[in-house]
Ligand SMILES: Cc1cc2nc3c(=O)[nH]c(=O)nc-3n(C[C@H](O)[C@H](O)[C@H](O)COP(=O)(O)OP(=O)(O)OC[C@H]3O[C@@H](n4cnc5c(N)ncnc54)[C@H](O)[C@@H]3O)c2cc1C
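Here you get one chain, nothing else, as C-alpha cells; it is the form predicted alone.
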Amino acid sequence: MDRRQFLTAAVAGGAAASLVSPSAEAQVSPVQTSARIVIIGAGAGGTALANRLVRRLEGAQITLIDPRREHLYQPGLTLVAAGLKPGGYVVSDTAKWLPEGVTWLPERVVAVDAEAKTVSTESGETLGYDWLVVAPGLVLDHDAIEGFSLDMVGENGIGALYAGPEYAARTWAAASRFVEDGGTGLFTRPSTEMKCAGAPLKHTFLIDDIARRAGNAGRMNMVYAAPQATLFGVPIVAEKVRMLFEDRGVDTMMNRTLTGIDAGARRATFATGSGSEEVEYDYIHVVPPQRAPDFVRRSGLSWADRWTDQGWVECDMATLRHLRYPEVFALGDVAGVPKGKTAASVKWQVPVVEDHIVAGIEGREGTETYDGYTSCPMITRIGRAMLVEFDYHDNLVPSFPGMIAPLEELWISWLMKEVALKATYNAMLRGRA
C-alpha cells in the first residue's frame, strides 16, 4: 500500500474498518429483557458500550450517568499541546454520541452500594440496577504536586496537557516560548498508573523536534524525568526509546518522582531513593499522580491488596468482572488491570463487557476475554511515529504485520495517529468498531 492508497483507505474509513472486532459485525437478534443496566461514565467506554447494548437488547432500561456535557477525544491532546491541532479538535457534545433508548442522567455519582445494588448521585437520587458498569475515568491529582495548580499552566514555563483542551493549548503556549528562548526542559511522569503512558514521551519528542526545526536544538537541554527505572513498560520499546533519546541528546533522570515546584524560581523538587533533589528548569511538563474517583474507594469496589493508594476497581483481568460482585464490571481507565488505560484498550474491552452482560441476561456464561491489548502511536517527530501495540505479557501484537513495523519510525504510523485514529475512535463511540 503506497501513501496515496493509504490516505484513500483512511478517508473512506478502510483503516477503521480493518480494526473492527469480529463481534461488532455479528448480526444477532435482540435479546428481550427488562434488565436495569446502569453505566457510570460517558467517556469512550461508557458511550461505546451503551451504543452496543441498545442494539443487543430490547426492553432494557439503560441509564448512563455522567455530568460532563462535553466529550473529549483524549488521544488528540498531545497534538494540541504541540500546536498541531486547535483545542476544539478534541471537543464534541456528549449528547451527540448517545443512542436513542438510553437515559442520560447528567449528575455526579457519590456512592455505589454493591450489596443493595444501588447507585446514588449528588442530587440525592438513588437508582437500582441489575447490572452495573463502572467507567468514570480517573482523577488527575494535581494537588499532590506541592506548589502547583492548574491556573499556572501556560505561564512561567509550565505545561500540563492531560487536564483538557484548554490546558493542552496553554501547554503549547508555554512550550512554544521555551522552543524560542531555549534552556532546560523537564518532562515528567508520575509514579502511579496513568492514562496513555506514552503521552509524556510523545510530548518530549515533539517539543524536541519542533526546536530542531526552528534551528534551536543547540540551545535546548532536554531532560526526561520519571520514577520508573525504564522509559516504557515494554522492555523492547523502552530500549528503542532509550536509543532515540541518546541519538537526539535527550538526557534522562530515572527513579525521580516530581513532588513540587517553585514556579517563581522555576525550580522542581524530585523525591529520590535517598532523599530529594532540586532541579532548575525553563520549561516543565507536569503529569500528576492519577487515581480512581473517590466514590469507587468509598464504595468498597477497589482492590484491597493492589494499587491501594490509587483505588482501581478490583476485577478479573480477562473478563473485567468484579471479583466480589459478579453483576458489576469495570471498563476503561478505572479498571484494576495491569495495562489498558488507553482508548485502544477500551475498544477491545467494550465487546467483552457487552458479551458477559448479554450472556448473563440470557442465563449463560460469556465467552469473550480481554488480553490486555493496548496501542500507542508513539510520535517521535512530526510526520513520523512508531505504532506500538502490546498485550498483558508485553508481547508485541501488530495489527498490520508485514506492513507496519512496530519499532520503526514510519510516516504511515504517523498517519494512523493523524488521520485514521479519530475515525476509528468515532466508530467505536457509535459501537461500530
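Bear in mind the structure is a predicted one, so any value in this text is a computation, not a measurement. Position 1 is the first residue in the sequence shown; the rest follow in order.
Although not depicted, the form predicted together with the ligand is the subject of the following passage.
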Indicate whether the ligand has at least one heavy atom within 4.5 Å of a heavy atom of residue 40 in the predicted bound form. yes
Residue-level contact is defined here as any heavy atom of the residue lying within 4.5 Å of the ligand in the predicted bound form; does residue 65 satisfy this criterion? yes
Residue 196, heavy atom within 4.5 angstroms of the ligand in the predicted bound form: yes
In the predicted bound form, does residue 320 have a heavy atom within 4.5 Å of the ligand? no
With the partner omitted here, the residue among 75, 351, 311, 87 that in the predicted bound form has a heavy atom within 4.5 Å of the ligand is 75
Heavy atom within 4.5 Å of the ligand in the predicted bound form - the one residue of 242, 108, 306, 177 that qualifies: 108
TL;DR on 230-238, 353-361, 271-279, 334-342: the one with heavy atoms within 4.5 Å of the ligand in the predicted bound form is 334-342
Since the partner isn't included here, can you check whether the ligand sits close to all of 53, 372 and 431 in the predicted bound form (heavy atom within 4.5 Å for each)? no
Since the partner is left out here, which residues of 132-160 would have a heavy atom within 4.5 Å of the ligand in the predicted bound form? 135, 136, 137
